[in-house]
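Given as structure tokens, the chain that follows is alone and in the form predicted on its own.
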């Protein structure tokens, strides 16, 4: 990646934000057109069919180009080659800077995207907004962070649901002393995205101020040290485990009652219900513990958007598709109730059809309602690096390794910072550190 910015003054020109007329939109949507959409969501053809029904002249070619690194590698290759790229692509929140900085994303303001802002949870709109007001994508699904916990294990050991991180640490010690085979939770040393969410909740914002060719990095801030020290102490005490997540061993651990909680995102409840069927009925959902008693602050892990590529041959149609897919109530509700993507659309979050579902795996609890309330406590300010995949890779080799080896994760923050600084400089960025 070469550092790449917009205008020299950092401002977007008036011509770039001039609105497309409704007449032009109407004409485009009545003209026979085919666009291509890259996504990894299973059965999303159902939502696409709703769009095609509303606009019979438009055909959408749905392509599953892979997920995660495979998806982004193919997208980068196609964009660099100047051919084969989709018109619209599913892009996770943390990857938006990677593609906006290389000018591969279309600013959707001229296409009426700003009119949708009030329909989405505030922080999700902040995640798709650029430094100069650009709208780089439309939010599709999210991952506000909460706590899933084993009510039966807590009751067996007379442990109250922790409301603060101090409570959580004390519960970890009590639980492990009572039963050394059970851990309050697991800290995966390979999961930089989870640790980033912990930083977010604590008020750290390591890449705040990054813009264009300027890269700001502060991975060893006071808040970051607080988070690293907290988890490092619990790991060293042996009261939390450090299994790599999303492995066979990790799945088995849930079914063998090894973990009493999973600090996870809003997509976690559905995932856990299929991964740990033998524990059905024993789990409940609650907000994350807080650093300060009485606060309610959360963060986000995961979630994605629909972004229009700047190379799209039919940008009006592509933009209308991205808007419809995620802002049309029926389409968004289908994603929430059939593909189980946690919605950013406020109308879906408050709809009884979604919020009042009583899940048997969670003892009949309205888990969606719990996470909908949590979503309103996610802060707006958190920014991502223009190379977040490298951030995660270096986390595993530094802070993650310190957790796995039970060494000092606070010292490892300095190494993480140093690695990212060197990487950014090698990519042509001017690095600013505190």
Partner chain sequence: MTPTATQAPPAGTMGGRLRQHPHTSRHAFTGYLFVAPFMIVFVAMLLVPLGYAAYLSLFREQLIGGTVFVGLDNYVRALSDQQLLSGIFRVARFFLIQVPLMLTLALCFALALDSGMLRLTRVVRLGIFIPYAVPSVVAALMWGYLYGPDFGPFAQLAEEIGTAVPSFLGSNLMLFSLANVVFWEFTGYNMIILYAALRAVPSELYEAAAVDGAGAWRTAWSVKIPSIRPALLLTLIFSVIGSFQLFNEPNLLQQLAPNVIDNAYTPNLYAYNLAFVSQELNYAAAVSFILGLVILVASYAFMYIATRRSRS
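Just so you know, these numbers come straight off a predicted model, no measurement behind them. Residue numbers count along the first chain shown, from 1.
In what follows, reference is made to the form predicted together with its partner chain, a form of this protein that is not presented.
S.K.: Scan 59, 376, 365, 390 and let me know which has any heavy atom within 4.5 Å of its partner chain in the predicted bound form.
M.R.: Only one option qualifies, and that one is 390.
S.K.: Since exactly one of 102, 119, 280, 221 fits, which has a heavy atom within 4.5 Å of its partner chain in the predicted bound form?
M.R.: Only one option qualifies, and that one is 102.
S.K.: Is residue 162 a contact residue for its partner chain in the predicted bound form, using a 4.5 Å heavy atom cut-off?
M.R.: Looking in the predicted bound form, residue contacts with its partner chain do not include residue 162, since no heavy atom lies within 4.5 Å.
S.K.: Is there a heavy atom of residue 404 lying 4.5 Å or less from a heavy atom of its partner chain in the predicted bound form?
M.R.: Contact check for residue 404: yes, within 4.5 Å of its partner chain in the predicted bound form.
S.K.: May I ask you to check whether residue 155 falls inside a 4.5 Å heavy atom distance of its partner chain in the predicted bound form?
M.R.: No, residue 155 stays farther than 4.5 Å from its partner chain in the predicted bound form.
S.K.: Can you tell me if residue 76 lies within 4.5 angstroms of its partner chain in the predicted bound form, counting non-hydrogen atoms only?
M.R.: Yes, contact at 4.5 Å.
S.K.: Of these, 200-208, 255-263, 229-237, 108-116, which stretch puts a heavy atom within 4.5 angstroms of its partner chain in the predicted bound form?
M.R.: Among the listed stretches, the partner-contacting one is 255-263.
S.K.: Output the sequence-ordered list of residues from 401-434 with at least one heavy atom within 4.5 Å of its partner chain in the predicted bound form.
M.R.: Contacts from 401-434: 401, 404, 405, 419, 423, 425, 426, 427, 428, 429.
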